[in-house]
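Okay, so here's just one chain, in structure tokens, the form predicted on its own.
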């Protein structure tokens, strides 16, 4: 007999699927000009996005039927493999694009930091579920802080300051909501800020972005063009594929700045629809987390909701010039293989946790 309402799963799966479809349409609309110029095929990115979206759905279905508690049993293996992938970035397997080495190619090319984000959520959830008794002692946070710190350092040095910052604030939020004291959490924050500061200082381009944003008040070129594209779309937009400003003037309009393309094609109402769908997804994840009686499942689903929320906010804030651009993609919408598949796996894990609420597994 079920002891919970059934709306959470509908609010999770249906909006997730609609967002995937919107992402596919907008990736095509925003990339066709660039794809034709560079690859002589306007559907170059569309073909790949369809492939990635299919794998994302497969990951969702796969993880939804696997008992999420199995992840708890293989945490050491997941951490080890993820760490190896991050180390490989600094070998000949690393692939550099635009001055950053964030990918590795070992038969296939993928982004280890995306995998690391999910693995860390699983590890943190497992740690908290086993160490509740130590929440108010430093030894109750030191081990997990070391592991997260190592991952944080490897990712920040790629350099991928945006993803490193995303992982940091997600970790700190989970620890705080789970009951760890502000004093202990603040002790972890200082060294992380020092590391981020050093990396930003040693990479003049990133430092310049911060100076321009906070001191000079200059608007980044991509941000400026994205705001123009959004403004040109008005309330209803120009229609699918009709808005061409993003194709010509916005680099990565199918990736980090896909929201600008949505604004140009679908207008303010299109952006509002995307945000509403995303709110449904996050609301259902937090609702499932609140009803889960297993601490591991509760923390894991909560962490997934927090990470997706922060990622979406960082992307939107960058597009609307509320924070410096960090190279953070929009979940479920932006072009990308590893990110879409990992996000699909996240939705599958939450679905598995939801299935445990019927009393059969919980």
Partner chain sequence: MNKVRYNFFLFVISLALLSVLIKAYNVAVIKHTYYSKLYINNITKTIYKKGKRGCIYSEKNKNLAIDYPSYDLFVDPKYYLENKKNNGEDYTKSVERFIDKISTAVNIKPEYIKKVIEDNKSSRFVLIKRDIPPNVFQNISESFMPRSFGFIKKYKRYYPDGEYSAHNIGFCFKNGVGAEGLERYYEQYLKPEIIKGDVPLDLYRYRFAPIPKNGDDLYISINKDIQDYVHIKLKEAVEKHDADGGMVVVLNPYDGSVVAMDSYPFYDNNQYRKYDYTSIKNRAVANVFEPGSVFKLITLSAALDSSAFKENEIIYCEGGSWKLKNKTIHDVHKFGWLGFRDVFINSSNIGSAKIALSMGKKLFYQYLSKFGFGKKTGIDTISESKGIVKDIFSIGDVDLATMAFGQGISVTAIQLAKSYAVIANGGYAVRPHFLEYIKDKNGVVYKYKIDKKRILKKESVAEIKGILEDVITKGTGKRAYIEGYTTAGKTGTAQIPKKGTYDTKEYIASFAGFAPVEHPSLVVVVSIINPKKGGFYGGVVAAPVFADIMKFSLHYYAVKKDK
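Positions refer to the first chain, counted from 1. Here the structure is a predicted model, which means the values were calculated and not measured.
One more form of this protein, predicted in complex with the partner chain, exists but is not displayed; see below.
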Residue 326 within 4.5 Å of the partner chain in the model of the complex, heavy atoms: no
4.5 Å heavy atom contact, residue 176 and the partner chain in the model of the complex: yes
Partner contact for residue 57 in the model of the complex: the partner chain, 4.5 angstroms, heavy atom: no
Proximity of residue 103 to the partner chain in the model of the complex, heavy atoms at 4.5 Å: no
In the model of the complex, segment of 332 to 340, 46 to 54, 66 to 74, 26 to 34 with a heavy atom within 4.5 Å of the partner chain: 26 to 34
232, 309 and 313 each touching the partner chain in the model of the complex (heavy atom, 4.5 Å): yes
Position in contact with the partner chain when the complex is considered in the model of the complex, options 210, 272, 240, 194, heavy atoms within 4.5 Å: 272
The unique member of 83, 157, 227, 277 whose heavy atoms fall within 4.5 Å of the partner chain in the model of the complex: 227
Members of 239 to 260 lying within 4.5 angstroms of the partner chain, judged by heavy atom, in the model of the complex: 243, 244, 245, 247, 248, 249
